[in-house]
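Heads up, the chain below is alone and in the form predicted on its own; it's given as structure tokens.
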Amino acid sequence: MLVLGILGSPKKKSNTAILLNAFLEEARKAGANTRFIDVDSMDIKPCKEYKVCESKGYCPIKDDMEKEIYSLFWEADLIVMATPVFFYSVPAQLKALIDRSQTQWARKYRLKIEDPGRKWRNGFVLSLGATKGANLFDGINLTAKYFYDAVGAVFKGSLEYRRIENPGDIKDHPTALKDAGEKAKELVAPFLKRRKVLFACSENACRSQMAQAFARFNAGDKVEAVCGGDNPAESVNEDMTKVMAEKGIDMHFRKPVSINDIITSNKPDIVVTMGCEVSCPAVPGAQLIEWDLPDPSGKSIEFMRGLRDDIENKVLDLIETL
């Protein structure tokens, strides 16, 4: 599983960063993979309200949101946002990232397609404030609720700490770091119980992508579905994204990846090949399943629809066996 940590503080060694690192460290110890986004160091431009996302489903602003962050949102099983309180809300750097999630909101609520992990993904917040006001975190939690809905996650609550102002104060708090670690273990535990299935093909641009999406969409609570290729393409097949959208599944932010990269971080219990010649590293103890699926390269959109339906049926049958 992947835990994505988002640091909203403009200070890399802040109390907020210390708390987030404590959370991510315990997640790694429990067996999760983690990624870290320091929003202050990234190229994230504020929303310009062009409205292109609501009509066409993409943001015309080219920066790190398009290059990396949108796809990380959808790859993650758990998204953890850590932020200090700035005027009862989040810092401007983090707010820019949140505002730009309108693209994913639009794909779900305007275009009526959803990413395969939406039903299973969770979101959590770590918040620190210098004062002791009773309503100190209300603005952040309300913002987080709708941010997580936009990126496809269920808001699972927050840990909040008042009177954290001076450097290192969070270390002196009697329970904060322990709280963060315990919450990390609690949130990742259900995901780590899933069976791991790797869908493998040559380019990871079409067949394995569809199989992974159907598995995650239909059984993301029971199956950790990943996919990879031994010679990854530059991008996924456009016709594949079109026919999957016809089923209500959004593949826009998917990217081909290497089988080796997948196996390094996720040892699968089952490896399913798509019927192509794949040079797949040996995975001791993993069950190998071969699907005899035709190569869709150069085929018509009608062919792609038939292939999609065949893969969906095979995935549903596989889920039944698990």
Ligand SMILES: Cc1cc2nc3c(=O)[nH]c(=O)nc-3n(C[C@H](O)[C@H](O)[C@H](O)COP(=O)(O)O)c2cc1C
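All residue numbers are counted from 1 along the displayed sequence. If you're wondering where the values come from, they're calculated on a predicted model, not measured in any experiment.
The form predicted together with this ligand is left out here; the points below concern that form.
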Q. At 4.5 angstroms, heavy atoms only, are 16, 86 and 129 all close to this ligand in the predicted bound form?
A. yes
Q. Among 106, 188, 164, 159, which has any heavy atom within 4.5 Å of this ligand in the predicted bound form?
A. 164
Q | Sole residue of 249, 205, 136, 153 within 4.5 Å of this ligand in the predicted bound form, by heavy atom | A | 136
Q: Specify the contacting stretch among 106-114, 87-95, 195-203, 232-240, defined as having any heavy atom within 4.5 Å of this ligand in the predicted bound form.
A: 87-95
Q | residue 305, heavy atom within 4.5 angstroms of this ligand in the predicted bound form | A | no
Q) Does residue 11 reach this ligand in the predicted bound form, with heavy atoms at most 4.5 Å apart? A) yes
